[in-house]
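Below you'll find only one chain, the form predicted alone, shown as structure tokens.
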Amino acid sequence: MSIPVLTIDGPSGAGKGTVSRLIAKKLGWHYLDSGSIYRSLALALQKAAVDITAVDDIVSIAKAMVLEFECNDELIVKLNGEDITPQLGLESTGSIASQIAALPEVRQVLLKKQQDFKQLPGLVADGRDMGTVVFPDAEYKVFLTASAEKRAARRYKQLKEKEIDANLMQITIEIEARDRRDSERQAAPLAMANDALYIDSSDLTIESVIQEVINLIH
């Protein structure tokens, strides 16, 4: 029996996580946040004081790390049994994750970890290369984006709500830099799959984006 997969790709801050989680909950499917896998590895490297240029050490840590996802109202991520959710959203974590995601050796190790999430009754996978590299044969594909300014404003609001100090201009600069890095990298660059539905969420509500995706599946 084939396992249905919905991939939702797009740049940082486009709303992929929120939309994907809510759709997974609505359908009763499993959920994969690929960004959290890379961010978890970034934290594991920080804990082990490993330099991001030490590729062999990064690969060893990537192979050894044990990740658990608990998807309730919010996503809870555990790394080797420890809840690391609060640290995943830090800009420093995202920056390291984006840099190590450009390493082909690291992507190869984490590819298998991501594909293991494909289980019945179905999977919603969100990331940068879910529909192009990780699940190229996925039945349903979406590319969700928004302007850098809109994405920065959303990120700023999220951080402020969590009482994390943030600077809107700095977030905008970092998002634009990450977009460039993700789009220009050699290994699995951020790109829209040929058979994906394109959605610009700049001026859409979460509910209307979800409805568009549900319409695609039904």
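Start at 1 and count along the sequence shown; that's the residue number. Being a predicted model, the structure only gives us computed values, none of them experimental.
Below, we turn to the form predicted in complex with a small molecule, even though it does not appear here.
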{"property": "Site check Lys16, Arg178 and Asp182: each within 4.5 Å of the small molecule in the predicted complex by heavy atom", "result": "yes"}
{"property": "Contact segment among 72-80, 116-124, 137-145, 91-99, judged by heavy atoms lying within 4.5 Å of the small molecule in the predicted complex", "result": "91-99"}
{"property": "Interface membership of Arg155, the small molecule in the predicted complex, 4.5 Å heavy atom rule", "result": "yes"}
{"property": "Residue contact check: Arg39 to the small molecule in the predicted complex, 4.5 Å heavy atom", "result": "yes"}
